[in-house]
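Before any questions on how it binds or moves, here is one chain, the form predicted alone, in structure tokens.
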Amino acid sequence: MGPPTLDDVSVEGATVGVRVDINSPLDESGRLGDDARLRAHVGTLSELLDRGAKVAVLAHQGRPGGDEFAPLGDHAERLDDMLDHPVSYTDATFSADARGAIEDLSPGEAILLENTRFYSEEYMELPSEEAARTFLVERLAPVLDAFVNDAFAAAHRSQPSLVGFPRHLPSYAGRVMERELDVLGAIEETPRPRVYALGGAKIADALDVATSVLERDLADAVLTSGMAGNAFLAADGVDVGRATVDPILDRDATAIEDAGELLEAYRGKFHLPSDVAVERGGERIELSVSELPAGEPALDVGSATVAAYADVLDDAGTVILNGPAGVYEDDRFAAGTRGIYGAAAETDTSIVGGGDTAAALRRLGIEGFDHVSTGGGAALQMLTGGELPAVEVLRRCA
């Protein structure tokens, strides 16, 4: 059973704390470089404000010490432009000034509080009972009537602003959270054949997803690409060359061995690249696996692989994408990702696992998917059958 949602609460005149995930890329000047995550939460915020709530928005941006660790003033300005209701900003999160600003809100008004990660408590992973006793939660909870968690992309974390408030307040899932749970929590109900297209540079993630879905008989086929695909080729006995193998082992010393164990257990389910693309003389050169090893690293799958994978996807009832097929940021090596994703978009049911996969879609301008997750780590957690702390506390405290 899912957690309570906005359908279960009356918010007119109530002060509602809403946790969102608007952690976004910043440009060289420190301004927002991509507002996709802000746009994702417009529906939840607009609904609450339309229904007469006073809304205090909590969010984080970046990590301590990182280039994108920044205040949220720019985010507030962008939300104010996006919403039909006023959005103000305070450079405090739970101080007396912040609490006073929340208490001064009128129905239909919102305020974005300062970056929750400016406070050391928020960067700790805590059980919900301990999170409920942090300064951030104990100071803010008394000025709130209810709490809404719409931050699916951060739901795999157990930080105070995500798991502490349900111990104090009636708490609900926002519309983003609700839809993500509905879709990713019901993969086993989607039409078959069900195909997982796993790529990217996070090899351990691809191996975890493959292991989980194959053990649970959720996958009829697994298409491998990206660095993960290179690991499977090496595990299958293909001499892909040191320039390709070394980066794999640098990331995960047991990746090739682990891929080999999966191949041995589920060989009939896996599809491996039949050709790859390398950079030679500044140009994209495609090589069949029979022409390997190469002195250059494999940076993409080739056109024969794209065609073979498109044939598999053409017969699929559902496709779940997690990870790009190559170094799509370089136009010379975006063809594999563009081709596989384009074919996947034509499938009856198509689901994108967020994170780098969603970023690739935006960069390449590929549309037409039934669901594009807002969360990479959280989506991965669900795809591998794990629990999300921020969701579990909503369920337990309902």
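For clarity, every value in this text was computed on a predicted model and none was experimentally measured. Counting begins at 1, following the sequence as shown.
The same protein also exists as the form predicted in complex with a small molecule; that form is not shown, yet it is the one meant from here on.
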Problem - Site check 51, 85 and 175: each within 4.5 Å of the small molecule in the predicted complex by heavy atom - result: no
Problem - Stretch in contact, per heavy atom within 4.5 angstroms of the small molecule in the predicted complex, of 178-186, 288-296, 151-159, 205-213 - result: 151-159
Handout entry: in the predicted complex, the one of 271, 194, 117, 168 near the small molecule [non-hydrogen atom within 4.5 angstroms]
Key = 117
Practice task
Scan 362, 31, 332, 63 and let me know which has any heavy atom within 4.5 Å of the small molecule in the predicted complex.
Solution key: 63
Problem - residue 23 within 4.5 Å of the small molecule in the predicted complex, heavy atoms - result: yes
Practice task
State yes or no: in the predicted complex, is some non-hydrogen atom of residue 41 no more than 4.5 angstroms from a non-hydrogen atom of the small molecule?
Solution key: no
Exercise for the section: Answer with yes or no whether residue 338 is in contact with the small molecule in the predicted complex, where contact means some heavy atom within 4.5 Å. Expected result: no
